[in-house]
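Shown next as structure tokens: one chain only, the form predicted alone.
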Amino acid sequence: MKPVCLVIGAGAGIGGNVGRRFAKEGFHAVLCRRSDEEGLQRLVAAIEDDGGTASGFLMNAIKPDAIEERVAQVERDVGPIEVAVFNLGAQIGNRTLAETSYKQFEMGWQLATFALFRLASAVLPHMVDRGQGTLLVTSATAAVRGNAGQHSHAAAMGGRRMLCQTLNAEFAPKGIHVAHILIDGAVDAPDTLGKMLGAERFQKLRETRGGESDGLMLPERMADTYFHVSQQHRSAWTHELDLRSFSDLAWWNH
């Protein structure tokens, strides 16, 4: 039975590429995303074309019990979850305080913080029983810097970062590696940046900074870091790191 890499938020950017990277290393990739069955099956097919194995599930992480039921099903029917990747975004766009409704503010928390808490509650006990496991959490610049118009996102991502710290404090001594991976830059991802900018603007950006132009962050290269962190020896674990393109200023220099 293969070890499992469970990816929550498996789009065509970071999540899908991380799943694909782990599958190349012998993991069975379980890919979960909220919508786009066709895109999900393309990711599964790409992994299988590479000689790996994968399965895909549409899942609305905000729905009660959705995360918990998926973890239980994977552990029961697929295999032990050795690596869990939490890659849900929580960006609702730039909004002034007056433009941010209670519902919109809470949505950021539901996606960024509460959903991670639910995943941890569901999967970490299994890892503790086995004495090992890794939880990799994708984060954002908003976790360390709050900008105007980012009330929901910054509050939610800051909460995500602190939750990772508390999880690490409790579970690292039990053999569980928790890593907070801060993405400090624009990712060449059609499912996230592409949707925010629109197809035409995204294509123009790709032509100048994407792919071989080497300015946007490339998800397939970012996936190498995720895999590396998951394989670190426990005497030299990384808890927090940040990734950005060579051409971007770090968040603290802005």
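Here the structure is a predicted model, which means the values were calculated and not measured. Counting begins at 1, following the sequence as shown.
Keep in mind the form predicted in complex with a further copy of the same chain is missing from the figure; the text below concerns it.
Contact check for M217: a non-hydrogen atom falls within 4.5 Å of a further copy of the same chain in the model of the complex. Using a 4.5 Å cutoff between non-hydrogen atoms, G89 does not count as a contact of a further copy of the same chain in the model of the complex. In the model of the complex, a further copy of the same chain stays beyond 4.5 Å of every heavy atom belonging to A12.
Heavy atoms of S121 reach within 4.5 Å of a further copy of the same chain in the model of the complex, making it an interface residue. Each of T225, H233 and L241 is positioned with at least one heavy atom within 4.5 Å of a further copy of the same chain in the model of the complex. Contacts with a further copy of the same chain in the model of the complex, taken as any heavy atom within 4.5 Å, map within 102 to 131 to Y102, F105, E106, W109, T113, F114, F117, R118, A120, S121, L124.
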